[in-house]
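Heads up, the chain below is alone and in the form predicted on its own; it's given as structure tokens.
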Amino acid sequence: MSIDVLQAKIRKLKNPSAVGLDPQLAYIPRFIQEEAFSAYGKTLQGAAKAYEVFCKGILDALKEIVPAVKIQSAYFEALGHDGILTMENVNRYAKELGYYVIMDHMRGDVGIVAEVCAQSYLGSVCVDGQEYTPYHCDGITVNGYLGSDGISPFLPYCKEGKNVFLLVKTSNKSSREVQDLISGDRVIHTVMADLAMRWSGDLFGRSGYSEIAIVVGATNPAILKNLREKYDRLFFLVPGYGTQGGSAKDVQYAFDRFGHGALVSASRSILCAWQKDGGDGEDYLICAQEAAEKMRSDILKFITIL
């Protein structure tokens, strides 16, 4: 089961964190940009090549520190076909290095669109009898607020070593406008967590967690604590650490008493760590390593991974 694999990687490295690849030119050292622009011009292709060099460098630097990577597809898609090609290359490279790869797509749709999304990201695409795997990822974030029609196409892949991360409670401030509304005797975001349990069926692995994981932001520790107490068989993906305001003290509530059951994601605090010393970014890999190691040590002050 996919979540079992992720939990094993976390235990091996004693690190329940993921690096988020959310590249923008503003995050990339100038020397990488100039080299890419020299070869491909100041074009979308040039920007995409800079993204690729930067992201692969980060992956190389953190492969012995961080067990998982979360690839934010929107940043790559913004560059058109060059960006999508780069995303495919970065995705494949991450898998080659042994990372657990989550595609942060947040797609929410129904019917054939959901089926196509599930096939392309978790399965394969058939072209005249030949099967192709465009994206080599282990899991994908999915918006389930459209109901079961938007989730059911993904469930067969959860029996084949893949998993989905269902949006439940996001870290942005305005999430309360919808996700914290009262529905009968429940809060909307707990309705979604209840659905995650219902859809899980027989999708529980040896670790005790469902292949349907949930996304719960790091910025509200009280909600994290409440959800962990109520949904002890759901694995949590916890974005919002670092730059967005979530701290190690906050995210401790996502874990069970064995230090299991959650993966904390950080992007800018690692990708942009080189900018803190006012340098030119030649040391961006060392800075990323130091930031990732600090994140791990900070979290481990509050939990123990058994």
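Please read these numbers as outputs of a predicted model, since none were measured by experiment. Numbers follow the displayed sequence, beginning with 1.
The same protein also exists as the form predicted in complex with a further copy of the same chain; that form is not shown, yet it is the one meant from here on.
- Although the partner is absent here, residue 160 lies well away from a further copy of the same chain in the model of the complex, with no heavy atom inside 4.5 Å.
- Though the partner is left out of this view, residue 222 does not reach within 4.5 Å of a further copy of the same chain in the model of the complex, counting heavy atoms only.
- Residue contact check for residue 226: none of its heavy atoms lie within 4.5 Å of a further copy of the same chain in the model of the complex.
- Although the partner is absent here, residue 42 is a contact residue: one of its heavy atoms lies within 4.5 angstroms of a further copy of the same chain in the model of the complex.
- Partner proximity in the model of the complex, defined as non-hydrogen atoms within 4.5 angstroms of a further copy of the same chain, places exactly one of 230 to 238, 93 to 101, 167 to 175, 205 to 213 at the interface: 167 to 175.
- Contacts between 262 to 278 and a further copy of the same chain, taken as any heavy atom within 4.5 Å in the model of the complex, involve only 268.
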